[in-house]
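A single chain comes next, written as structure tokens; it is the form predicted alone.
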């Protein structure tokens, strides 16, 4: 039986049935999944039994697998291999983190709207988030359709931002919630330029490309850039563009970071365990190269 696509809305988010991702995906099913990914941008695969190898292997269908930045952070020993980003609230022993654990504050940064790895020169393509345990209340993940947000944007504002470049940094998003990166961590993840408008290479649709990691815009005063970024993020995350996913144990949800914003919703993270692990595929290159943009000479990042 072929993979079955059940749209959640006409053009954004869909559930995929009749596919077991613990087994190799054949070409016919992959064609259905890939087409759904390029159409709906968020795919929900319920009731999957995914060992790490199969989880990472499926992410590799979308591109080279990124490695977790926690490997180069000032944190305790990791719970998961570097091919998985540990976005849980669990320590290396599998227990809920205590309030003095530095990573609990770092993970709370995921409650801000963002796209994965936009703070890296080559950002993420597909994120494949697998949920092994969930809190009984709270902890949803919300997804915003940045394609629909672009389509609904005032034409004058479209013209204003197309061809512009924003500067992204993991330190920018974490500072919004009071988390301080160390000097060594900042050196490992310097600020990077990203196009503010992207053209999806499969669908041809344009989308706003921003995140809580974006803190400034090249050749724009900081006060003006901050106001514009805030305006665009508020526009793109209006309820009509958002799908909220209520997790079930063993859900795998995949989203296209090229055209989707997402954020985790709060839960009692000092009480309830939430075992969330993400395999992430890299995009094909820096966004400014994909969009044919050039940085002004002597641009300071």
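Numbering follows the first chain given and starts at 1. Quick caveat, the model's predicted, so the values are computed rather than measured.
Below, we turn to the form predicted in complex with a small molecule, even though it does not appear here.
Q: Specify the contacting stretch among 29-37, 232-240, 255-263, 60-68, defined as having any heavy atom within 4.5 Å of the small molecule in the predicted complex.
A: Of the options, only 255-263 has residues within 4.5 Å of the partner.
Q: Among the candidate residues 87, 208, 84, 217, which is the single one with a non-hydrogen atom no more than 4.5 Å from the small molecule in the predicted complex?
A: Among 87, 208, 84, 217, a heavy atom within 4.5 Å of the small molecule in the predicted complex occurs only for 87.
Q: From the list 126, 161, 171, 129, which entry has a heavy atom within 4.5 Å of the small molecule in the predicted complex?
A: In short, 129.
Q: Decide if the three candidate residues 102, 108 and 182 all line the small molecule in the predicted complex, where lining means a heavy atom within 4.5 Å.
A: Contact check failed for every one of 102, 108 and 182.
Q: If we define contact as a non-hydrogen atom of the residue within 4.5 angstroms of the partner, is residue 274 a contact of the small molecule in the predicted complex?
A: Heavy-atom contact with the small molecule at 4.5 Å: present for residue 274.
Q: Would you classify residue 114 as touching the small molecule in the predicted complex, given a 4.5 Å non-hydrogen atom cut-off?
A: Because a heavy atom of residue 114 falls inside 4.5 Å of the small molecule in the predicted complex, the answer is yes.
Q: Can you tell me if residue 141 lies within 4.5 angstroms of the small molecule in the predicted complex, counting non-hydrogen atoms only?
A: Output for residue 141 is yes: heavy atoms within 4.5 Å of the small molecule.
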